[in-house]
Structures are given as C-alpha cells and as structure tokens.
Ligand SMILES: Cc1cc2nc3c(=O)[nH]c(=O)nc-3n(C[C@H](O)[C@H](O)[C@H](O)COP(=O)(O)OP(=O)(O)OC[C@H]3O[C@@H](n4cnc5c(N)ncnc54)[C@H](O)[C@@H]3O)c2cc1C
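We begin with a single chain expressed as structure tokens, specifically the form predicted on its own.
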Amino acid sequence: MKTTIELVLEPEQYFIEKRLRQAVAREIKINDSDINHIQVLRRSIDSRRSKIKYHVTAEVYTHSDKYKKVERCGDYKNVEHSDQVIIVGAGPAGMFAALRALELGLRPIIVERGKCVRDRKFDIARLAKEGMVNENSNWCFGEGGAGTFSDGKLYTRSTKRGNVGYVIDRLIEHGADENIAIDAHAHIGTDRLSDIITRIRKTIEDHGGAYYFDNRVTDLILDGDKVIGVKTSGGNTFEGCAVILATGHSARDIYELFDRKGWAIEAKPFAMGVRVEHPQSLINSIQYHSEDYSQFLPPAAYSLVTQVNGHGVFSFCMCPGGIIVPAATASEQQVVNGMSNSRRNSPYANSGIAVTVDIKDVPQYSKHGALALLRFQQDVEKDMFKAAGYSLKAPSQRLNDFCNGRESKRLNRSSYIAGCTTAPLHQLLPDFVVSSLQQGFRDFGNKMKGFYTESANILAVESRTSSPVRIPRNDDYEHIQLHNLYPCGEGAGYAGGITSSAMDGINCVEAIARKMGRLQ
C-alpha cells in the first residue's frame, strides 16, 4: 500500500535513515520493518523558531507495494532534416527551447556569441587574474549564459509561466542531483552546471541540432516584415522558419540594433544596488538561533524585502557559502555578482541588495527614449570603474559606515576574486539608491538581529539584476512588429533566473510549433 504523509522532523530525524523510518512508522502506525521505501516529494527548512525543523511530504510504500523509480527522459526525435528554428543565445532560454524543439520535430540551430563552456572557463580565469574582459566570453556570455557561473539556483516553483517539472526533469536527466525535484530552494552549483550544460549540448547535437559558437548576431534578415534569419559578426548567415531571440540581459548591442533600426523596444524598470558580504558563520547563527547548530543543516540563506519611500529594496541571488565575482561584459565597467559551488563551503555569505529603478527616478535620462534606463545603468557602471582606479577591483565600504555616511578606514576580508578598494559609496552611488539602501539595511537589521554590522562589506555595483529594456511581444510570443521573431527570456524582459528563462524558451518554441500546425 502507498500512503502520502506530511511530517515535521528534526534535522537528525530526516538525514539518519533509521530515525526517519521510525518517525514514518509512528506517523502511520505500523512497524518500521513493514516499510519498503520512503520517497520524499518535497522538503523545506523551517527556521522561524529556536528548534529548526524540516517540513517533509513523502510517499510511503509498505508491505508488497514496490516503488518504481521515475524515468526522466525526453522524447527526442531525429531532426537532422527538419524545419530549422534559429535560436540566438545558448543560455537557459535557448537551451530549453532547443530541447523542446527536438520533441516537436523542429531542428534547433543555436547561434552563440561566446564560446563553449570548456573554453569559456579560460576567459573567465583571465578576467579574474588579469582584469582582461573578453566582450563575447565572460561571466555573462557563452554556453549556458549567466546562469552557468552564478550558482544554478532553481527557486521558481510557480506553474503560471509553464511546466516547471519539465525543466527539473531535463536537468536531472542530464546529471543534476535528484534532490532539486524536492527542495523548496533547489541549487545545483556552479561546479556541476558546466557538465550538465555540456551533456545538454550533446543531446541536441546527437539528435540533429547544431551549435555555432563565436557567432555574435549583428543583424536580422528580413523578407518584408518577416524575420527569416540572422547575420553574424563573422559574416555568416543562418536562416530558418523562425528566430528565437534569447540573448540575455546584458546583450546591449541587440538593444542598440533595435533602436537604430526603429524596431519596437521599450524601457523597463529594473533594480540596482550592491552586493553585501557577511561571514557565513554569522548568518548561520542568526538564522539558526545558535552558534552551535546541527551538522545536518546547510549553510543558512535569507530572503529580505522592505519598502523605502516608494522603492522596493530586496535581497537578490543570495549565495550561502559563496564568492563574489566580476560580471563586467566590456571594458570600463565595474559590475559584481555572486555564485557558489554545490558544497557551498566558502566562509562567506553574499547577496545582492537591490533598489527598484523606474524612469521617474532618473528623468534626466528620458531623452534617450527606450534606452533611458540602459544609459543610466551604463553610466553608474562607468562611475564605479573610475572609483576603482580604472580596474576591476570592487569599490567597497563597511556596511555600518555606508549607512552612517562615513568612509571606511579599512575593510573586512572578502571573497571577491579581483580584490576590493575602499570607496565612499554613500557619495558615489545615485542619491535615491543610497538613501533606499541605507534605510533598507537598517530595516533588515531589525528583521535579522545581527545583519546590520561592521563585520559586513558592501561591494558595488550590483546592476545586472534584470534587463533595463523590454522587447515587446504579443500573446503568441511574437514581436509586435517583426513576424517570426520571438523575443525570449531575460534579455527580452520576460524572465528572471534559470527556471523562468527555461520555461519562456519552451513557451516560445511551442508557439512556433502551434503556428506551424505541429502542436494543438
């Protein structure tokens, strides 16, 4: 017999198999020897009280009932001679659009400005060590997109945008830990993502799809108002029945192309702020209410939000046991981001703390039209580069000094791999960002006692939270002006993170299939 139960367990009860079986047996009032298998469906940590608990939903198989492992395999077709869909960008949106295209009998042609994930690692290493930015191969551009080297968080669980389960299944199929299917805040880890992404490419190529790296798209090929392909910087052209534009939130040259050609784009609110870094041990003691917390608990995370004078202030891409990395995509930019490996074993915890930005906040930029917020974003990044002595060092300040408007005489140790330099960020960042962050940090200190501390640094600037431009589309996912063009993912302003971007890619390729009569 199979029974579904919900349990509240101590960490030791969950992770020690004998104690888990005993707890389950007590719940359903049987002997633990009668249990054949316990399959956990969902789990989450409840740290609101001094006694930390796991909330668990599980299926229990007893007596003669046998558990059958779920098969997670896509129904891929050989598409070598099928209609081609051109996918611009090999990030989550592009990759999952390609996987779904295989199932729908369409041939995905992925055109990527950067390099494959193996070669991309060398450019990232050079960026960190020498401060040399390859504008087509960096933390944001290349196979896997920005998500490859920023943690692999899979926090989206809403089904409103699409089939989350499909995304999780494809990741597990290609090597992700099966626990990502049950964790409320699943995480893959940068160290594992690169292998998963390589396996996804192999699946796509083995079934007739194709990748073209080092091909930055510079123009669209039009037949009247229909997009039939793309041109690249190397002089190559790629044509197909439709084009999915999944270039990511930092592909500014695409926005410039649309603006220059007069194709519809619009300014989109985004968020800007800093990356705050605490000792992980401090965050653990705050969240777990003790410095002597269980060995069965993971490095603690947090999620914070407040409102300050009409601006949202919120934590973004929180990385327990992580490091801070340089995320510039061109010269004369200073941008920071966070990441962590699967073990989350760094002694630091970092998170973006961002302030919502709307065109009303920067009226002096309205003259730039649809690119207004992009120009604002660019100017702040240039200012931070200048503040860092024209280097990729991060302008930094102690958290309490920033909030009290005083310069830091010295900084705490930091994980930031390009190095920090002290700077008066309370004077350098835009005024409305500064005032919102200052009050936001104080509010967070009231919510998490100990968060507001001189032991934390803030590093600037966290500016690539999302795209400051949207490429508008209709209800069928098609650009409102250019037919057969499907703006997609974070770069088009319709997603935020790996899971939502992947679902948006799937939705776009399914829209193409419906238009072609391949899907009802």
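Heads up: residue numbers just count along the shown sequence, starting at 1. Because the structure is a prediction, the values reported are computed rather than measured.
Below: the form predicted together with the ligand, not depicted.
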Contact with the ligand in the model of the complex, heavy atom within 4.5 Å, among Ala90, Val274, Ile86, Ala349 goes to Ala90
So which of Ile197, Leu371, Ala146, Ala300 gets a non-hydrogen atom within 4.5 Å of the ligand in the model of the complex?
Ala146
Name the stretch: of 302-310, 236-244, 395-403, 137-145, exactly one has residues whose heavy atoms fall within 4.5 Å of the ligand in the model of the complex.
137-145
Contact between Arg216 and the ligand in the model of the complex at 4.5 Å, heavy atoms?
yes
Indicate whether the ligand has at least one heavy atom within 4.5 Å of a heavy atom of Cys508 in the model of the complex.
no
Does Gly497 reach the ligand in the model of the complex, with heavy atoms at most 4.5 Å apart?
yes
Can you tell me whether Arg375 touches the ligand? I mean in the model of the complex, with a 4.5 angstroms heavy atom cut-off.
no
